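This document opens with one chain alone, in structure tokens, the form predicted alone.
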């Protein structure tokens, strides 16, 4: 991970909330990954018959959202008579909660039925505390790489946003700066994967992005999540709770690519990515409904015992907080920790109160752009 052009530590800005908080409160991300099971299984079945299998899960956080998928894939591998040794490498930033990840894989946390490291022979789990923008493994050593809900993060902020917290609401010049940074980062990511993969190896990426209908995470026809983030953060500034500088420092280090942006390196036969041997096998967009909204809507049709609007808000806001909190805490890092957390709590409480007062349109539907890439033999 490169240093931040704004002087901030990118590891602090990008980290997910630890101690299992992220995977426990991101059922939507887990649902997305579980739908990738067949795709990953089929891709692995077509990779070359190497002496051992090396897999990588890039930007894995605490590993909880993908653990069921990997358990199914590896258990089927063993049930089909493939007894090759397997190395699984989980990658994330050095600030990631690897302790919880390792506990989950060994069955100390979470559902022990998914603790495949403990349940299967010849499976070895490792962690790599370096960002996925860099090459993380030896040349020609990786059979299959997978990443979900991670590679929309750029390696550094090209600028702070002056009138919004996310590039989807930024000025045209600011959006252009993020777009250029994201294009450079995508090439860097793909070239690193090209170096790591064995000839015939595969890389599957489920990435947050903007689909052909203009939809993206938290903006699929209802209340716009990032506009709501900005409204409540701006409200704290306007009330004098945070400074103008703290408002602008809460800039998400993310860019939501369109499919055209995502596929550009593969569509140009002269690009560095194409020249490195990466070939696009398939691409698609996937919309995954917010499970917390679905549970609330289902409860409203129940004869009795339906969720209240407040109950719904108390399930929805934590899933948003699990991946966004560090953006706002980092913006306040010049304050005492207790003071900063009190402000952040106030921010999320305002969002919760809005949802509880009128839940109509509030949800966090997931929109992913998916690519399946092969390194030519």
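What you see is a predicted model, and the numbers here were worked out from it, not measured in a lab. Positions refer to the first chain, counted from 1.
Unshown form predicted together with another copy of the chain; subsequent notes refer to it.
Peer 1: Should residue 212 be classed as touching another copy of the chain in the predicted bound form when contacts are defined as heavy atoms within 4.5 Å?
Peer 2: Output for residue 212 is no: heavy atoms all beyond 4.5 Å of another copy of the chain.
Peer 1: Indicate whether residue 138 is a 4.5 Å heavy atom neighbour of another copy of the chain in the predicted bound form.
Peer 2: Residue 138 belongs to the contact set for another copy of the chain.
Peer 1: How about residue 321 - does it come within 4.5 Å of another copy of the chain in the predicted bound form, if we only consider non-hydrogen atoms?
Peer 2: No, residue 321 stays farther than 4.5 Å from another copy of the chain in the predicted bound form.
Peer 1: Does residue 278 make contact with another copy of the chain in the predicted bound form, using a 4.5 Å heavy atom cut-off?
Peer 2: So residue 278 does not count as contacting another copy of the chain.
Peer 1: Given that another copy of the chain is left out here, which of 169, 107, 129, 200 has a heavy atom within 4.5 Å of it in the predicted bound form?
Peer 2: The residue in contact is 129.
Peer 1: To verify the annotation, which of these, 266, 247, 116, 102, has a non-hydrogen atom within 4.5 Å of another copy of the chain in the predicted bound form?
Peer 2: Exactly one listed residue reaches within 4.5 Å, namely 102.
Peer 1: Heavy atoms, 4.5 Å, another copy of the chain in the predicted bound form: which of 252 to 260, 89 to 97, 224 to 232, 147 to 155 makes the cut? Say which one.
Peer 2: This holds for exactly one stretch, 89 to 97.
Peer 1: If we check another copy of the chain in the predicted bound form, which of the residues in 41 to 75 reach within 4.5 angstroms of it by a non-hydrogen atom?
Peer 2: Residues within 4.5 Å: 52, 54.
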